[in-house]
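Taking the form predicted on its own, here's one chain by itself in structure tokens.
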Amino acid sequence: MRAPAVERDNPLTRSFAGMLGIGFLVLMIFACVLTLPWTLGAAGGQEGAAVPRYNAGDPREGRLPPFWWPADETQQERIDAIEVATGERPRYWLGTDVLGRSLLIRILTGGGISLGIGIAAAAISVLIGTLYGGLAGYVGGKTDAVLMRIVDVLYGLPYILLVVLLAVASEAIVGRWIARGNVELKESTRLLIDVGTLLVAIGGVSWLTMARVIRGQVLSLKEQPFIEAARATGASPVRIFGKHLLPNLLGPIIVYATLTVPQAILQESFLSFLGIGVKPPLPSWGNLAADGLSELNTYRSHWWLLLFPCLLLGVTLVALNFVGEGLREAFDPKRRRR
């Protein structure tokens, strides 16, 4: 008699929040990251050059509300003037910014930049944390004690202060190097340097938790019989780590990498909000929110400039945390639902 087939269930699909977060992130990647070649080309690298490509008309005719929101008298005059000049009525889904550019395109561009920086910074953090924690756990002894005391000291320092100091110091060093060498950089090169220093600043201080987790896993795994068998066959430490330890560490690495991405995006947005991170003309959710904050006043409030960047940032961070919790439940047998 044939035994009944056993249905195998994917633990990740059991988490409705995790699947919802994955779906939203896929949508954000398609909408923000994959459209970057077009949206960055539309920006043209200059504030003024972006206006014709965004179909905004005169840059002085900015701050138009979304087409589905009632416009006041002054805004209606601007809309009518643009319609007369271009022959069509402007229909901006999320309104326009202070220069008359489509806020929807600016948000999509900023989302691609913020997600890219967050993922890259998380990758740097995972690489440093895995190597550091793996070295401390595998070597053990005094080396482990010294390396972990360094981590404890860094944990005692304010995290955001370290990020700000590293970002400011990197920018100062690059500026002094340029001034000393009398080098004139193109705007695009300068923007790449700013983004690179931001990646190093965020990724260079967010690896501490990863290092502790990997160290604990390595301490547990190196006493297992298969590691002892690998040592008995004369395998080198590098081969043991890459061939035997690393495959067993992929679960924690993937989970904590997913949880590091929202932290990196939030740090980038915070620094950009303060004016230290991504700088105009490149948009990010942080500097878009900073621009929108100055547009809130009791006389005339351009609320859409602040609401939509903050809303998209918040929903993306929640989705990433949902994905991290779903992956944690999938890879950790103790947390799986029965």
Partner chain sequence: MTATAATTETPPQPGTPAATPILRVDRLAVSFDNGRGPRVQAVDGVRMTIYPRQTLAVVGESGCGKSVTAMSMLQLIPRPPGRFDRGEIIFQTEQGPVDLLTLNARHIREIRGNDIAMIFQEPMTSLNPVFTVGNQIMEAILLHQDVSKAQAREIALKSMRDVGIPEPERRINSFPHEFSGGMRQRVMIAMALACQPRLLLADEPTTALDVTIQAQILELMTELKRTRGMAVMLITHDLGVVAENSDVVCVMYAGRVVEYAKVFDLYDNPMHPYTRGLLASIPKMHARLDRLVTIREIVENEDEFRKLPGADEGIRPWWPWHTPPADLTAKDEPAGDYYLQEVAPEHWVGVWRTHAVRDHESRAPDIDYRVPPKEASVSA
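Source: prediction; values computed, not measured. Residue numbers count along the first chain shown, from 1.
There is another form of the same protein, the form predicted together with the partner chain; it is not shown, and what comes next is about it.
- For a residue to qualify, one of its non-hydrogen atoms must sit within 4.5 Å of the partner chain in the predicted complex; none of R78, G87 and P90 qualifies.
- Interface membership of L165, defined by any non-hydrogen atom within 4.5 Å of the partner chain in the predicted complex, is ruled out.
- Although the partner is absent here, I193 lies well away from the partner chain in the predicted complex, with no heavy atom inside 4.5 Å.
- The shortest heavy atom separation between N248 and the partner chain in the predicted complex is within 4.5 Å.
- Contact between E83 and the partner chain in the predicted complex is not found at the 4.5 Å heavy atom cutoff.
- Among T189, S220, T143, S236, the residue placing a heavy atom within 4.5 Å of the partner chain in the predicted complex is S236.
- In summary, the region of this chain contacting the partner chain in the predicted complex, judged by heavy atoms within 4.5 Å and restricted to 257-265, 101-109, 226-234, 210-218, corresponds to 226-234.
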